[in-house]
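The chain below stands alone and is given as structure tokens, in the form predicted on its own.
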Amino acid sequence: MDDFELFGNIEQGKNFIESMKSKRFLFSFVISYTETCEIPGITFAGADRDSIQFTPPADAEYLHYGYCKTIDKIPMTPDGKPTPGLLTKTALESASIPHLTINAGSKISPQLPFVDTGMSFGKNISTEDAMTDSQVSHAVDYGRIVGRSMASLTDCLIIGESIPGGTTTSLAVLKALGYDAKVSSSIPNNPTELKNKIVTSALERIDSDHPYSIVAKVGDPMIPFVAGMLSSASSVSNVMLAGGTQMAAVLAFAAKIGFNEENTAIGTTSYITNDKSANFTSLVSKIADIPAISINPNLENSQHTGLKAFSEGFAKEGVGAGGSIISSMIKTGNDSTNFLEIAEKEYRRLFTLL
């Protein structure tokens, strides 16, 4: 486990890792959408503006089938770098970790069996409220139902997400809840000026300090849903929030509605924890007394430019990649060298298909 770096509650992190060796893991993949992602320059989570809405369902299909049905190719950046779902798929399959997709407000439904919440997608927070208060309430309630059900099937529920533009809505929620947050981006040159401009205008609409109202004004559907999942799941099993910025926002909202800190960890990549434009680790420590576990997949050593790109600041995280890699290594005992070999094999398979 030398590839792991621990932050926050380090002792709990060590216990979390040790207690989960040879235990059962289940990966829940929450897909959602915010129209905030349609603002030009805000995200690289798709080849162009029109294709961004297909990224969450396509990520889900790729995890299940190894290819996509709603689009011809896997989700990629405009210059052809693959979805971080490649890392997630490699991790889950190498450790035989089962997974299930949950549609919590995706604009497009995936072509596969999934848990359907019936939730609506979030609106563009730069111009209007993301949701109504009642939609946030429903999201939390639905999340609690799904979280409790899934957690009862496993020793550790991993929760990942795919929501293009989610770092911007997460920044708004974190700031509205009183945290001095600086967040990561899917782009190496983090468009912080654009994000802050959007967030500043969105925060002006806030007229209540009630957490449900705050998320309704400036958040997205994924945040209250996953917070609801964490709230109930952490009462019956261990939970690993798999992600960076978005999961910090989930954690901040979950702290308002209640969850079991002793059973909770957040897992991400070193590309998030080392991001100088963000303050992820200190942010998590301010929100909750839980461990943050970071993994360096050593993708800078890859012979493929598309994999190297993650270590150079593209995507950095997403589709629960970091938490999935960490979980797979805990279960199998594999290290980053083993993981890189398997990831490169999957990369070659993918780009033979393209």
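Start at 1 and count along the sequence shown; that's the residue number. For clarity, every value in this text was computed on a predicted model and none was experimentally measured.
What comes next is about the form predicted in complex with a further copy of the same chain, which does not appear here.
For the candidate spot formed by L112, V115 and Y142, every residue has a non-hydrogen atom within 4.5 angstroms of a further copy of the same chain in the model of the complex. Comparing 150-158, 278-286, 261-269, 236-244 against a further copy of the same chain in the model of the complex, the single stretch with non-hydrogen atoms within 4.5 angstroms of it is 150-158.
Taking the partner from elsewhere, Y65 is found to have a heavy atom lying within 4.5 Å of a further copy of the same chain in the model of the complex. Contact annotation for G80: none of its heavy atoms lies within 4.5 Å of a further copy of the same chain in the model of the complex. Interface membership of A202, defined by any non-hydrogen atom within 4.5 Å of a further copy of the same chain in the model of the complex, is ruled out. At a distance threshold of 4.5 angstroms between non-hydrogen atoms, L100 is in contact with a further copy of the same chain in the model of the complex.
With the partner omitted here, the residue from L307, I39, I52, L26 that has a non-hydrogen atom within 4.5 angstroms of a further copy of the same chain in the model of the complex is L26.
Between a further copy of the same chain and the residues I198, V146, L92, M131, the one pair within 4.5 Å by heavy atoms in the model of the complex involves V146.
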